[in-house]
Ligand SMILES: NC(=O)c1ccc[n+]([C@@H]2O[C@H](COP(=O)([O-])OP(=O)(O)OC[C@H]3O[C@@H](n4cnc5c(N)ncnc54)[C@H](O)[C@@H]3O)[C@@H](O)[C@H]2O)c1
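Just one chain follows, in the form predicted on its own, and it is written as structure tokens.
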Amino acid sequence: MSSRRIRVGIIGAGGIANYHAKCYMQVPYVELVAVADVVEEKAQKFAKAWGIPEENVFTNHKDMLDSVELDAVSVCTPHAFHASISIDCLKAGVHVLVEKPMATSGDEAYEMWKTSLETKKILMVAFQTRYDPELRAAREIVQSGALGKIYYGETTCYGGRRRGIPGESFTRKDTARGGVLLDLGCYSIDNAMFILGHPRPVSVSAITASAIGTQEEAVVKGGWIWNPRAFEVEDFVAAFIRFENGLVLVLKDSWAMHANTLGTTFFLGTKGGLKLWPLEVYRDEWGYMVDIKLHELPKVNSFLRKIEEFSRAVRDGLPSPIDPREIVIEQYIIDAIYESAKKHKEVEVKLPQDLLQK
């Protein structure tokens, strides 16, 4: 274990960046030393809040990379800029923790991954759900073989939001490229892939809809406030994903809907089944059908754990705590979902061959 301190910069000074900063401040060997945001006032406010020197406040991430000695950065910009900024940082010799989604296309994510291999720098996608005790327990149960062969599953993030459309940087195509699929669907896909052991996807049939986001009258009391005039993406997605091993996974996510839930995440196997939130396992034992509940799962601040694991890997020269190759494959699933929805038919998940070679 190294005793050296690591110097971290933040790119993008919006809401999520403050969560990163708060967690970095709890890691004893991390120094938060610089911030960049295209809106100077936001960058200055962020710097003042987190004790960053005024001379290390920038409106361009390249200027920050040229001016400040950094070990690592968190990329917390709108989705459309994740890939280009991450690649610039990797090429500058800086380790990268990039907020989800990894990118807005499979090809962008692939280029990020290849650049990380070429530069030998860490590229970690900020899926704090990887550290959720329920998800980790579910993965252990599935990988133990206790459920037999998994043949069907459904995955959703929070069971869908009845009225939870975020701000304009998420709803305009120039900054987000896509809507709820990139924002929440990436979690749903990664959660399922993590639990299932990353099976190889084959094809997708999907639908996306912009059903509610453009309606002025849908901005109601008790819901999130957004601008329907700046709504250019999808607020609903459902997909039927086939895998090489015969497994089928159904994805369902919504920012806005006239329902209180899309259900929960669950998996069916030949010897048992499992659902999340709360985690329960269903099996036959002693000649009876039984429901098994897990008690006393550890209490974990998953967001903090994500920051700690990334910081430790940077300090100690370890590989990325989350293999970016896995997330690149998931980005190609997202590509196929958008393609299928556009073409109104099932499409192949197209993967570069070197992605399939561990």
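One rule holds for the numbers: they count along the sequence shown, beginning at 1. Computed from a predicted model, the values in this text were never measured in an experiment.
There is another form of this protein, the form predicted together with the named molecule, and it is not shown here; the text below is about that form.
Undergrad: Is I329 part of the interface with the named molecule in the predicted bound form - any heavy atom within 4.5 Å?
TA: I329: no, not in contact with the named molecule in the predicted bound form.
Undergrad: Residue-level contact is defined here as any heavy atom of the residue lying within 4.5 Å of the named molecule in the predicted bound form; does E234 satisfy this criterion?
TA: So E234 does not count as contacting the named molecule.
Undergrad: Tell me, yes or no, whether H95 is in contact with the named molecule in the predicted bound form, where a contact means a heavy atom of each within 4.5 Å.
TA: Taking the distances in the predicted bound form, the answer for H95 is no, it never comes within 4.5 Å of the named molecule.
Undergrad: May I ask you to state whether W50 is within 4.5 Å of the named molecule in the predicted bound form, using heavy atom distances?
TA: Heavy-atom contact with the named molecule at 4.5 Å: absent for W50.
Undergrad: Which one of F266, F243, W226, Y187 is close to the named molecule in the predicted bound form, taking close to mean a heavy atom within 4.5 Å?
TA: Looking at F266, F243, W226, Y187 one by one, just Y187 meets the 4.5 Å heavy-atom criterion.
Undergrad: Of the residues L294, L318, V300, V38, which one places a heavy atom within 4.5 Å of the named molecule in the predicted bound form?
TA: Contact residue from the list: V38.
Undergrad: Each of R130, F194 and K252 having a non-hydrogen atom within 4.5 Å of the named molecule in the predicted bound form: is that the case here?
TA: No: no residue has a heavy atom within 4.5 Å of the partner.
Undergrad: Going by heavy atoms within 4.5 Å, which of 210-218, 197-205, 278-286, 98-106 lines up against the named molecule in the predicted bound form?
TA: That would be stretch 98-106.
Undergrad: Just give me the residues of 63-80, first to last, that have a heavy atom within 4.5 Å of the named molecule in the predicted bound form.
TA: Going through 63-80 in order - heavy atoms within 4.5 Å of the named molecule in the predicted bound form - the hits are C76, T77, P78, H79.
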